[in-house]
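Shown below, as structure tokens, is a lone chain in the form predicted on its own; questions about how it binds or moves come after it.
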């Protein structure tokens, strides 16, 4: 994922320290308001540990910056009620874009994490010039931003989700089904095609961004450590530890689809044999069910996609059920290896796996129970993501929102 959110560090002493403290306090206040939904200034002081005078000053700055609004006092309360502070519904929004094999999508998320608008354009992006694919994404994003639900709202930044290995510079290093985009910093190209937007841009692997969406936009009740595995064209995972995405040194962590699970398996696009992707990937499952129609996703063409797989499973098709049992077993083996290494308590099934979870879960749990060394006293939970196929693009949009919440001073000069 590219760097670039926030501001460079300062080395000066004196006033810079005071400025840094104020930036931290602004982030503390805004984050507390975001978590609470709404709270009066006195409550904000109590929850942050800051003085009432400091909180009042911070609140005024956040209001002036268009990040917070102050509502009318709540009625029916004993004593003198305070005016509640809440996130400004007309405040900045994040724009997310996803490029995949057979579609591009866009999503706008507000400060509260709510999706204000979204759109999907089915388009076969294979064998298409990288510039043309980026132009498709930019046109869709511009059209979405001009639609009534979000027209006039200020965009804080752009996040882009891509189906492949994206390094820390934002370059798509490997994408077996989108070869023309390999070696391209697609997010930077899309940003250039949208000059009316702020220059802040970030890019990441779709599985990683879906994991961030899981962290930010679901009611996980303190679930800050988990691995989210998802699959359609490929199989990927996002690993969250301590409420932070763990990306590895080069930003390429989470490639669970290339974990070795089958000594006699076919050769993979990565060059190895026996990769998880060739047992539990969408293509492998559809081939086993006799329903493969070429690389496709549920959001795109839908040809030979998850819908057909679910239909076959519900009908009791023997070949499909056997394939799902093998996939669940292989997923359990691979996930047990991940859990043993990084020690997370929860496995979340997303994407394709959320839809076929009823036929996968028992085999996954069985393998986790047998293979995770800590399972006897700390059983690994298997959960199903509620986010659906739009998780990655929502996570991409969330990057800009989180940047504002974590550093309000980067958004508006008045907050400095």
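Just so you know, these numbers come straight off a predicted model, no measurement behind them. By rigid core we mean the largest C-alpha set that fits within 1.5 Å across both forms. Positions refer to the first chain, counted from 1.
There is also a form predicted together with a further copy of the same chain; it is not shown, and the following applies to it.
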item	value
Contact of residue 374 with a further copy of the same chain in the predicted complex (heavy atom, 4.5 Å)	yes
Residue contact check: residue 150 to a further copy of the same chain in the predicted complex, 4.5 Å heavy atom	no
a further copy of the same chain contact in the predicted complex: residue 174, any heavy atom under 4.5 Å	yes
Proximity of residue 254 to a further copy of the same chain in the predicted complex, heavy atoms at 4.5 Å	yes
Contact at 261, 337 and 342 by a further copy of the same chain in the predicted complex, all three, heavy atom at most 4.5 Å	yes
Residue among 142, 273, 131, 126 with a heavy atom within 4.5 Å of a further copy of the same chain in the predicted complex	273
Heavy atom within 4.5 Å of a further copy of the same chain in the predicted complex - the one residue of 110, 308, 88, 225 that qualifies	225
Per-stretch contact check against a further copy of the same chain in the predicted complex, the hit in 151-159, 342-350, 99-107, 133-141 (non-hydrogen atom, 4.5 angstroms)	342-350
Rigid core superposed: residue 368 CA moves 2 Å or more between the shown form and the other one	yes
Rigid core fit then residue 182 CA moved by 2 Å or more between the shown form and the other one	no
Large Cα move at residue 342 between the shown form and the other one, threshold 2 Å, rigid core	yes
